[in-house]
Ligand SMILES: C[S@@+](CC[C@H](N)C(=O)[O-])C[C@H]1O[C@@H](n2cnc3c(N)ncnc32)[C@H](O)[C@@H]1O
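Next up: a single chain in structure tokens, the form predicted on its own.
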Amino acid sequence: MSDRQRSLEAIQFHYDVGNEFYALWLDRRMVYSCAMWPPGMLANDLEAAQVAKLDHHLDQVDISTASSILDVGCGWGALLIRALERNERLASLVGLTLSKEQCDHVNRVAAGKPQIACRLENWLDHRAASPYDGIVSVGAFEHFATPEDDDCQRLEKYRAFFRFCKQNLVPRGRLSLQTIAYLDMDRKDASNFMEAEIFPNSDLPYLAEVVKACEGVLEITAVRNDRFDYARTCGLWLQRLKERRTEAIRLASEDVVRKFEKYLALSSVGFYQGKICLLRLTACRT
């Protein structure tokens, strides 16, 4: 089986549980990635924290002057919609996902917004009509390598993504990347439950691997570790899922709900303890 096919099956295994299931416990915009809490924001305000995260990534790619944006791993399209809210002059907003349910949702909510197009497409197969002013990728990088890859294979897959970004960015165009990464733990100690039941065929990077893969391809201009933001995000997701547990079981199954509760609890603890972290990285084409 090819890497593309394995990636497709792994993404659909996790994300095609059902849009209604995720809508029970995500925020109104259906953002399924780490939120961001600037100083002074209420700790339980998930809605505002997700908008703050979207705005962070859009600021990194200079949304106020951009004409075209690519979102690699666009989820349910929240960043594409937010980008158009902030800059109505945008000519092209393209989102890529391997989840059919996500793609259908984006194209449905973006009806009447011709600037937005979601494609059921792997970034490896994407051919842009012209380079983008900015590329955003939130939560997709974790799926680029597999547990079976050796160090060289993993590094080459990461480098291939950065080469793709360089090829598809205008000069001085920027990439805003968000990914979970290993911090104070060895890759060999990764949770078997997570690999088998939640994110099959996926592996996390270390910051050093991301930096090495980027060397000579893109210029890294900023890196931050917001692991406590993700600990809080997972905790709020878990709380919201438990509050709607009966409905969640009806939409999915008790087994699915139980697995998600375990995964969200384990993730929150992992971020708090520093076993894993949340990297937000900005890089630009020189």
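Position 1 is the first residue in the sequence shown; the rest follow in order. Because the structure is predicted, anything quoted here is derived from the model rather than measured.
One more form of this protein, predicted together with this ligand, exists but is not displayed; see below.
- For the chain shown alone, Leu238 is not a contact residue for this ligand in the model of the complex, no non-hydrogen atom being within 4.5 angstroms.
- Although the partner is absent here, Val31 sits close enough that one of its heavy atoms falls within 4.5 Å of this ligand in the model of the complex.
- Looking at Val138, you'd find a heavy atom of it within 4.5 angstroms of this ligand in the model of the complex.
- Proximity of Phe144 to this ligand in the model of the complex falls within the 4.5 Å heavy atom cutoff.
- Put simply, of Glu121, Glu215, Asp149, Glu195 only one has a heavy atom within 4.5 Å of this ligand in the model of the complex, and it is Glu121.
- Note on the partner interface in the model of the complex: the residue among Leu96, Ala110, Leu155, Leu183 having a heavy atom within 4.5 angstroms of this ligand is Leu96.
- Remark: of stretches 246-254, 39-47, 218-226, 66-74, the one touching this ligand in the model of the complex is 66-74 (heavy atom within 4.5 Å).
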